[in-house]
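Next up: a single chain in structure tokens, the form predicted on its own.
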Amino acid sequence: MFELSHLRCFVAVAEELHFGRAAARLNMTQPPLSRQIQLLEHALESRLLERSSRIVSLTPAGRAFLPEARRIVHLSESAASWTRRVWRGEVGTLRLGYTAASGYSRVPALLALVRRELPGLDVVLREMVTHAQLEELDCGTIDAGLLRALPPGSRTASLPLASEGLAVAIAVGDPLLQRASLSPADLDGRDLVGYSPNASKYLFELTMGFLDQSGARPNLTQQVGQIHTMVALVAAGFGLALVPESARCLGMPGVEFRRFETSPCKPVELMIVWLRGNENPALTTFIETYRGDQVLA
């Protein structure tokens, strides 16, 4: 059976119709090139080239074989190139989990980075709350997630993505909108749409911590897991809500936002998180590309 090296040699000679030029093109001398052609002809049991001291030409068998030889060489080069790109993480699939709020504020910037720097990468997005992302990271059904917090002793690695302040979502017509910013004391005794301690543990503990420290005691009317649901309940008259500043991007009719005074001023954190030992080359390349990007840092 002929080998790929035989085909490369034959294609070069067939295209150059000159052994000297073909040898130079392949960075080899003429004797081993001639030997490669002889081995190919022997394997095919056909003469492919007519040779004379001055002229090299293709036989009918050579003309018939040339397109197939080119196709096989091209396929082998394409396969090798594709394999190298997959190994380097330049092509492939990245499965990314994200929270609803980060879908408005950070996911578009990440996708723009991938499109610009890694155009061969296919990103599959899955919206879910933090605890669901941690479960799916552990199962390997997503490669990375945009999370608020990590559990103690986590097997994950992470990089900071963003930090932001809190805002108070307020229904249009509420007198609190006359204020430029609000403190925890302004929420004392007010109806408040809060976070579920299970579905949104991070934001539940963060917001309740600020209220407890100040001694404010709002009236919790509902506790939900998604920020867009909280803002919708505010619009429906269920009370105020403490949300990340990025919730302003939701554009919910009937709701306005005011800055919520905290120390530190940007307590809400968002991270890119992945499981240690994930062998997807696309993940490694994505993380390295994000590390080197100054716009998102």
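Between two forms, the rigid core is the largest collection of C-alphas that superpose within 1.5 Å. Residue indices: 1-based, along the sequence shown. All of these numbers come straight from a predicted model, not from anything done at the bench.
Just so it is clear, the following notes concern the form predicted together with a further copy of the same chain, a form of the same protein that is not shown.
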How about residue 290: is it within 4.5 Å of a further copy of the same chain in the model of the complex, going by heavy atoms? no
* To do: Answer with yes or no whether residue 249 is in contact with a further copy of the same chain in the model of the complex, where contact means some heavy atom within 4.5 Å.
  => no
Touches a further copy of the same chain in the model of the complex: residue 270 (any heavy atom, 4.5 Å): no
Practice task
Mark residue 65 yes when one of its heavy atoms lies within 4.5 Å of a heavy atom of a further copy of the same chain in the model of the complex, and no otherwise.
Solution key: yes
key: Joint contact, 174, 220 and 242 to a further copy of the same chain in the model of the complex, by non-hydrogen atom at 4.5 Å   = no
Only hit among 254, 32, 60, 237 for heavy atom within 4.5 Å of a further copy of the same chain in the model of the complex is 60
From 80, 125, 159, 185: within 4.5 Å of a further copy of the same chain in the model of the complex by heavy atoms is 80
Testing 210-218, 101-109, 68-76, 127-135 against a further copy of the same chain in the model of the complex with a 4.5 Å heavy atom criterion leaves exactly one stretch, namely 68-76
Near a further copy of the same chain in the model of the complex, with a heavy atom at 4.5 Å or closer, the residues from 84-104 are 84, 86, 87
So, superposing on the core, is the move of residue 254 at the CA at least 2 angstroms between this form and the one not shown? no
Requested in this report: With both forms fitted on the core, give yes or no for whether the Cα of residue 10 moves by 2 angstroms or more between this form and the one not shown.
Outcome: yes
